[in-house]
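Here's a solo chain for you in structure tokens, the form predicted alone.
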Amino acid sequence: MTQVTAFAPGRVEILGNHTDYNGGVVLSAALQLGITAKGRRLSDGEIRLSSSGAPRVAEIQRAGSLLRTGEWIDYPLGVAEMLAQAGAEVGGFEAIYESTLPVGAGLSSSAALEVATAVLLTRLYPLEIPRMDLAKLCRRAENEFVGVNCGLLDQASSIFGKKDHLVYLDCRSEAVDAIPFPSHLGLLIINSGVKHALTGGEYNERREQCFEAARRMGVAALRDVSSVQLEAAEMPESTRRRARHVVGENERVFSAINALRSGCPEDLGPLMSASHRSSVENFENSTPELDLLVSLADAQRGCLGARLTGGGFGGAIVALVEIEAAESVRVAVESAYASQTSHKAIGILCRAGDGALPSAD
């Protein structure tokens, strides 16, 4: 069979930090940056995986269930295994990956790798899988095969992205909507140079604290709680602070949607800044480097607000900027950051882009 190609974008989380596994709501954007997978069928059942960023080709002979390796190839292997468990007739294949996403920036390179693999395999072994089902299959690969208890945000953003729109995801109903994003504003993503990694214990610890808060309040998830109700409930203060962040994020997402739909997109900036303050004070998933980047960005003319993006604990920030000021903001932040730390910040101006499987409209 001839070679086929699939592209899956990374995503930037605009608002809704750690709300996805709490049944909450999220605003994100698919990026022009992402992962391209080129591949072909292999008739002997072999799986051959390689990447321009990896030193060797991984060759695995498929015999029964696939097993974890502890390496980056677990993401595509997990997708292949979930497809097999779902009853899809997927045999051997070769996949060669190339990425334009900065490693460790928290822009969901893992989900892009999963989605690119899934789209590639549905084209190599023609499969008709609804978009949301494919997103959930990729999430299962990360949850059950790789072992990271992520929510649905990353995979859904990579699949459902739409050019010049933000992706609104209701993680409880699994409803997705496209929210128009104004042309005079841009998303400046600035990588801190401090690697972001969710395979450590912090992510799972925060997740359990959120579940504990919901249990103490007698609700299915923190989605069912208002800020007023939370503050009146009995629980350890550390648990309350974790929940305060998530509940506040849900409220900020709804406020942002109202602002965007009512013609007040600049109001999104202060909501993003409030989100970052909550990450620092309540969820404690920021770092000194991320805090410095946010502070430097907020000080620049033309920056309307900034926050960490993704799971935190390193990675990148996203700043809402006026397009005309974006370059001056980037240069100023990169220069000041270099003078105050031993790390190099790299800023990229992005627009909201199409997902791996954009809708026909």
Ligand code: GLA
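Treat the numbers as computed from the prediction; the structure is a model and nothing was measured. Numbers for residues come from their place in the sequence shown, where the first is 1.
Absent from the display: the form predicted together with the named molecule. The rest refers to it.
With the partner removed from view, the residue among 79, 153, 243, 121 that has a non-hydrogen atom within 4.5 Å of the named molecule in the predicted complex turns out to be 153.
Shown alone, this chain has one stretch from 143-151, 255-263, 130-138, 173-181 that lies within 4.5 Å of the named molecule in the predicted complex by heavy atoms: 143-151. In the predicted complex, none of the heavy atoms of residue 34 sits within 4.5 Å of a heavy atom of the named molecule.
Although the partner is absent here, residue 310 sits close enough that one of its heavy atoms falls within 4.5 Å of the named molecule in the predicted complex. Residue 21 belongs to the set of residues with a heavy atom inside 4.5 Å of the named molecule in the predicted complex. Although the partner is absent here, residue 347 is not a contact residue: none of its heavy atoms lies within 4.5 angstroms of the named molecule in the predicted complex.
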